[in-house]
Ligand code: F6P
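Just the one chain here, the form predicted on its own, laid out as structure tokens.
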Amino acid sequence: MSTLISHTPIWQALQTHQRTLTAVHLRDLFAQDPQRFVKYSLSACGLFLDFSKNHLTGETFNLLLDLARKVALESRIEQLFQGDNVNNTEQRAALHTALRNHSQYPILVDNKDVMPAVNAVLAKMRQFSETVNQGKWLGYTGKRIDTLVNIGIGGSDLGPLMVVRALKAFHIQPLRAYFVSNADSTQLAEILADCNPETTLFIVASKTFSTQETLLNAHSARRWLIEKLGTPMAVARHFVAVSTNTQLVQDFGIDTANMFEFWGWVGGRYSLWSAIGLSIAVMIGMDNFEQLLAGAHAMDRHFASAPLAENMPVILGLLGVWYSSFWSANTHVILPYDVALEHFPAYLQQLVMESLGKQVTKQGINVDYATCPISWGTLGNNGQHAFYQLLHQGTQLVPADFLVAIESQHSLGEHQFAVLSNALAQAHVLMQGRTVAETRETLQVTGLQAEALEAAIPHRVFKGNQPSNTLVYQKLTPQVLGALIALYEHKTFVQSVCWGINAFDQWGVELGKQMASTFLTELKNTKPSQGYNSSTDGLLNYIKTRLV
């Protein structure tokens, strides 16, 4: 599409329609339509979505569906699944869906079915994880492995870290897992202090085996192991690699028989389904890892086949476009009421902002509309005592997603009733608010009167009218988690199609990496730095004089 979507009649119709809704409170929409919850909720793949608490009417819904048709969303979904080069700046497919293709239908990349290679890696992951789980993978001194350390960054860290934490209830005993990503030596040092070198296995996850942070940590871990066990021969029994660079893996000292492959059509933030998920497979067992894949595959099938009006990722994606581009909502908050999902908001930060943080279309045209919102959040109960003040009485429109488990992974007395009541109450109050009249009536009951009453009212009024979605599931299992992750992947893709941007490249991270390499050389050079700008030169020279 050479013309910006914002210059089309459907976009302008949505702008006009949005202006008619600005004066309509969400509580009024509910008062006008008693069937609103029934109309604006649906189930798919073990997830129940209530999207009725949105600035949405029947007309809005139809206009958003018209937008989806205008950008040929159904055709673009088909292209995604069939392996077309949807990543046009790198001329690649984005086939994370092939990694969980339980239907085993052929998926072609350059006229070659990728499924045999995918299945071969899954089989190798099964063999490896079962060997570790059964205590048959022995360290250099003959002791069984009880500690796993995943060394990666970005998608090689955030996805596995999130899933391993989320599925802690399914961990294979006596294994424990750590994740190292930061170049700051404190993280690695503190983790190694808890590890026994004789029983620790490191997974180095780097597609090229050249990522700066990952290799820095891997080499430091290697030195630690050799120092503790006294020989470089120990490396082969305590390190495995997820990479495509056979030579560099071999040079490191890792047996290439213990190297797990993945492919260029697997983007980093979509890679937990691949061998990058090796730490997941080991920690929860391959059967549960395949259940994770099965849940994602079920959501893939739903996304590929459900009508647009009944398609959960499509609906969430269109709502995301609605708020970012038409309501000037600059942020979107994720609020899990399930401690197992404590790392899910951070995982979504990469998925959303690396995918949608773009200023040009796929054709290289500068957009004139807002695209990606800032994605953020934390556990709901904790957030209530931190930033919910802004949600309730601040000046910004902040769409929210509530993620709610009916059952906890660990039942303990009345705890889950408290969790559920808080989640429902917060979503209700964010939408409903409390008017001046309702606040006055509430305060009068406390005995406040006259001037004291009137002075207190403005501070206790809740504007409400904050939109939210509520996603409910029975209990967080591997299958439910797989469906939940895939839901947000596909939601993100829908938004990218509507905005005409490429969801699968990330050129914005490259320049900083290049400059870091330059400054690494500068920091090691004792001569004064000059020629950048006064701030950069000043900081480099200030720090250089204080390096020890």
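Source: prediction; values computed, not measured. All residue numbers are counted from 1 along the displayed sequence.
The discussion below concerns the form predicted together with this ligand, not included here.
Participant: Could you confirm whether M515 comes within 4.5 Å of this ligand in the predicted complex, counting heavy atoms only?
Facilitator: Residue-level check for M515: no, no contact with this ligand.
Participant: Using 4.5 Å between non-hydrogen atoms, is D401 touching this ligand in the predicted complex?
Facilitator: D401 lies outside the contact set for this ligand.
Participant: Can you check whether D338 is within 4.5 Å of this ligand in the predicted complex, heavy atom basis?
Facilitator: Contact check for D338: no, nothing within 4.5 Å of this ligand in the predicted complex.
Participant: Would G154 sit within 4.5 Å of this ligand in the predicted complex, counting heavy atoms only?
Facilitator: Heavy-atom contact with this ligand at 4.5 Å: present for G154.
Participant: Out of the stretches listed (219-227, 186-194, 348-356, 369-377), which one is close to this ligand in the predicted complex, meaning heavy atoms within 4.5 Å?
Facilitator: The contacting stretch here is 348-356.
Participant: Which listed residue (N469, S206, T200, S324) meets the criterion of a heavy atom within 4.5 Å of this ligand in the predicted complex?
Facilitator: Contact with this ligand in the predicted complex is made by S206 alone.
Participant: If the cut-off is 4.5 angstroms on heavy atoms, which of these, P160, G285, G295, G268, is the one near this ligand in the predicted complex?
Facilitator: Spelling it out, the residue with a heavy atom inside the cut-off is G268.
Participant: Select from 479-506 the residues with a non-hydrogen atom within 4.5 Å of this ligand in the predicted complex and write them out in sequence order.
Facilitator: Only Q506 sits within 4.5 Å of the partner.
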